[in-house]
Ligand SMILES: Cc1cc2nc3c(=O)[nH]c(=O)nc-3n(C[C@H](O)[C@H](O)[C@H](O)COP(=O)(O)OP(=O)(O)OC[C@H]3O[C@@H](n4cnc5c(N)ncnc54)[C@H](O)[C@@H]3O)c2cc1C
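Only one chain is given next, in structure tokens, and it is the form predicted alone.
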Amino acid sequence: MTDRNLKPHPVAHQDVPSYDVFIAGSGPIGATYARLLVDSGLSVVMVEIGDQDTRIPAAHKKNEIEYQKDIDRFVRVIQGALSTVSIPTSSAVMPTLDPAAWQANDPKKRLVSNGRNPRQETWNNLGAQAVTRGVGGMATHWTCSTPEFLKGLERPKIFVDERSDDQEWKLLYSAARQLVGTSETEFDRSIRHNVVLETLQKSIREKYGDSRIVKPLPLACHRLAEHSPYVQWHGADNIYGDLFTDRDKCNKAGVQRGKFLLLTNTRCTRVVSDRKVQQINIQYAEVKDLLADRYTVAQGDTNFAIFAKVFVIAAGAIATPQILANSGFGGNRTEDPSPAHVIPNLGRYITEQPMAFCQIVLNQAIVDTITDFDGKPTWWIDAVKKHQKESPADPLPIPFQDGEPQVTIPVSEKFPWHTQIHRDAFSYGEAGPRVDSRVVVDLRFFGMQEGVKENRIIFEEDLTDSYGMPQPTFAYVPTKKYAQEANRMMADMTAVANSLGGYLPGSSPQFMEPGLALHLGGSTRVGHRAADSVADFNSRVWNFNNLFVAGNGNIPTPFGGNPTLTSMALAIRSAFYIHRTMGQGFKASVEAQGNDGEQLEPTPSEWVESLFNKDDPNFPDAMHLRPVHRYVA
């Protein structure tokens, strides 16, 4: 029996009275759990607070032809998909307002609707931090950049033994790359890409020798056909694969897929436990049907309980701790040391990436090398000559649909920041009609931030966001060490930019508003001790039997690179633990007598062998994932 007299959700029926696994969040991390667990025979129900925005569930919106022809137009799509988390408010009194219009009687009161937060200070805010609500999450508009974290600097350490740790990460990263479809060769036949790549390789080599490299940016994408100007950008849909369309499929061992259901417009409000000290068991998730909520004011008609054996909260680095804070587990402003707050580090140790940005226009000498055919490959020469013949009025020798540059200078110990030297769409940086986009290059340098306990998200108990959940308030100040590194990063970016061209007016070197990188980490960090983490390295929350956290919030280390691939790797490991433990019964992950809890075990290669075997029914074949859509029936 549930409290509030909650009824079981209609998904519970005679065939599936309760699911094996409940997942909150439909982005690439939730998709990783769903894909592996359903393929192993477990039943999974997933809830997503947003709607399905694309014809194919969780697809990347940039795949539409109009955006591939004009990347700047995609900026508007990203802006529309992002909802800012915490907006400081000024006085509700407007001196220039019509004197007869409504104004608050108390000028000290602040507006609180639509993300406005009267408790948010401006000096320690992550003002640009935003969330995306919808099937596929941020992977519906992400850059698809999937670098691996650098060992010893960014990469978390799962095992104390270095060799064991290296082997584990090698397996997890290779599996994650296969699952999302990462490649470094899709822009090999782009003139712009090669011009930028070769220019920087020469410049960096002259300055640093072989101690620093320049290489293609690893991206989750593929060319639609050989030599095609169009790229298929990968999203969570690649991870789901045919999970939505082939429900009766069997794996190589002959095990039929478990039941899988994704509920959209469904808010995971909280998870409810039996509250047993030292061995807490989640009994059910309380969810709210947001579509039904539009037609009724009766709470009992829109709030339901979903029962499962395991609960995975993979709703993002903000919504995941938000759900747990709303469950009464900690993370609030008024939290106290009582046993009721069983996750004391919830929302603490957050990390963020200071980001430097500029745009340059390629200098004349670099563009002139495009028509210097000496040593150029045949495809290059043919493409330029064809363009000049078909478009004699065009002053640029670059074909209109030539692929954009996608280059990176990877993180290193001496240069601890991630770089993306490319031409892509973000919520900012639109070139517009001021200059031909073919000669514009974006430089984005992402720094690091160490997680410290004082940097946190506070979930207010008496203020709610627009979805009725505890309002997040940021308390974040960069540490001195990483502030200095950000200064060095800016100097490095300007040096790289100067080797390529001149600054586009309005896009000179600048630090962007904190949070704009959208790579928040640490809010549900994993670790080896409950004293400074939320979950163990199986992603299971300390002192809970069957509660798991997932996503970028799990990453406990400073990082400059894009975190999705690492979060997927941790999810692959966690999914195996759930699969293995499901039939054995769960025993709470607790620290006993000062040790690090239960012995961690490596992920067996058998768990992910389907991702590498083209003859396996569950091989993730991104090239043939679905037929081309040509008509609406």
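Don't overthink the numbering: it's just position in the shown sequence, from 1. Values in this document were obtained by computation on a predicted structure and should not be read as measured data.
Absent from the display: the form predicted in complex with the named molecule. The rest refers to it.
Contact with the named molecule, judged by heavy atoms within 4.5 Å in the predicted complex, is confined among 201 to 209, 76 to 84, 487 to 495, 524 to 532 to 76 to 84. Among heavy atoms of residue 232, none comes within 4.5 Å of the named molecule in the predicted complex. At least one heavy atom of residue 267 is located within 4.5 Å of the named molecule in the predicted complex. Although the partner is absent here, residue 571 is not a contact residue: none of its heavy atoms lies within 4.5 angstroms of the named molecule in the predicted complex. When contacts are judged by a 4.5 Å heavy atom cut-off, residue 387 does not count as touching the named molecule in the predicted complex. Though the named molecule is absent from this view, in the predicted complex it lies within 4.5 Å of a heavy atom of just one residue from 472, 354, 316, 331, which is 316. A single residue from the set 193, 116, 519, 438 has any heavy atom within 4.5 angstroms of the named molecule in the predicted complex; that residue is 519. Shown without its partner, the chain has 137, 138, 139, 141, 142, 143, 144, 145 in segment 137 to 168 as residues with a non-hydrogen atom within 4.5 angstroms of the named molecule in the predicted complex.
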